[in-house]
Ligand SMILES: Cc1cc2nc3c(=O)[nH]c(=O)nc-3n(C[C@H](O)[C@H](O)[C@H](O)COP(=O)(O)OP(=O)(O)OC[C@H]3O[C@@H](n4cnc5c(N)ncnc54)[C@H](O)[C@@H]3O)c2cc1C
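One chain comes next, on its own, written as structure tokens: the form predicted alone.
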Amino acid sequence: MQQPNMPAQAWTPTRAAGLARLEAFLPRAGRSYERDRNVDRGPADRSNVSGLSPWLRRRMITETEVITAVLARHPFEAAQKFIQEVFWRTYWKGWLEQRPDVLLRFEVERARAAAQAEASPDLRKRLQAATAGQTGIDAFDAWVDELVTTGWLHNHARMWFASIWIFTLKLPWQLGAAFMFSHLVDADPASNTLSWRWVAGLHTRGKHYLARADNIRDNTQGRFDPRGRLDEQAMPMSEDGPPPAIRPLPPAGSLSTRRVGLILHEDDLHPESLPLGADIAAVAVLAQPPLGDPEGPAARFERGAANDACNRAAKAFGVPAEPLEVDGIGHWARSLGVTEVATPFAPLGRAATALGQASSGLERAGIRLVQIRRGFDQRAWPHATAGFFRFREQIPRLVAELSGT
């Protein structure tokens, strides 16, 4: 079992490793976490935070498992700060699902910013210095190295990093978000994109997050002290047009046949707990190319997680399980002789895009792709219509429903 003070960058991409990390963290999930969570002690000591995000991001371990285990050791009042942190990712996903245009706009703006950087020698030089960790701001440069080397940053460091990128270095936030996304082992489109928007002052309009030297000094325990190096007077960013309109959540699917194929993807790799109610003929895990360095921490974890899901699915259902690229899904499904293929619901991102592409081909072959949404998301996402603090008011009820009390 992993020791409580094991560095958070020691990622092992298996469900068993995620469960071991959870077990090691449980004694500190209550008041200890609430007291110490904002302190970034550096990559050698992550004992004050859970480090569970790479497994939670892919649902190799589920939110239900984590919250249930925490509440078995701590009363809700003592553990509510940690439980709220678990729900942040849920909130971001639910918020984005109801405002899909925000992600579309981000992609357009990211491409535009990249083109501007290519055309501007000055901007390109400043971007290269930032992504190489050569800005001269020791804290920021250290975080770049840690991000690229380990695939992870403390949550407080992510906020400081984004704020310095936007307000001190004056770089396009979309390119910062893309850089961070390509390296993080726990990155998902909703959490990453919307967190950067929040820091910039776009999520809650007019309310931004400014990195301050004294805050960095205090919460890194003196490791960094960027006095005089940061813009601590910057104004929040703004964007044209009204706030994004809320759209109804896409409907959840349900199976109508008894025998189906099952496709897993990077957003949900725990088939053992999926509410399927069907016999599984075979399992495929959607394989997609890495976004960043193919030998970097994020890509290695992604490959290992897919292999672990294949092994667990084959054992759980007693059927073949294999990685599969999107172009091979149609042939795979036809070879099974099924009329329906089940998959966990894919929130906005590249897995959802790939499954949309696969769905069109399957329909032409008379095969229906059914996205199964978990009850956890079904109950929580509709409350993600405003800011997190309003969503937070629903957490006690959501937790009570989770536990059946």
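Start at 1 and count along the sequence shown; that's the residue number. Keep in mind that what you see is a predicted model, and the values were worked out from it rather than measured.
Another form exists, predicted together with the ligand; not displayed. Remarks below refer to it.
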Exercise. Are all three residues Gly51, Trp152 and Ala187 in contact with the ligand in the model of the complex, where contact means a non-hydrogen atom within 4.5 Å?
Worked result: yes
Exercise. Since the chain is shown here on its own, which stretch among 114-122, 82-90, 217-225, 318-326 would lie within 4.5 Å of the ligand in the model of the complex, judged by heavy atoms?
Worked result: 82-90
For this session: May I ask you to check whether Met180 falls inside a 4.5 Å heavy atom distance of the ligand in the model of the complex?
Result: yes
Exercise. Would Ile280 count as touching the ligand in the model of the complex under a 4.5 Å heavy atom rule?
Worked result: no
For this session: Using a 4.5 Å heavy atom cut-off, state whether Tyr33 contacts the ligand in the model of the complex.
Result: yes
For this session: Report whether the minimum heavy atom distance between Arg158 and the ligand in the model of the complex is within 4.5 Å.
Result: yes
For this session: Using heavy atoms only and a 4.5 Å cut-off, determine which of Ser195, Gln98, Thr168, Thr135 is in contact with the ligand in the model of the complex.
Result: Ser195
Seminar exercise, completed: Assert contact residue (the ligand, in the model of the complex, non-hydrogen atom within 4.5 Å, options Val338, Leu355, Leu56, Val370) equals Leu56
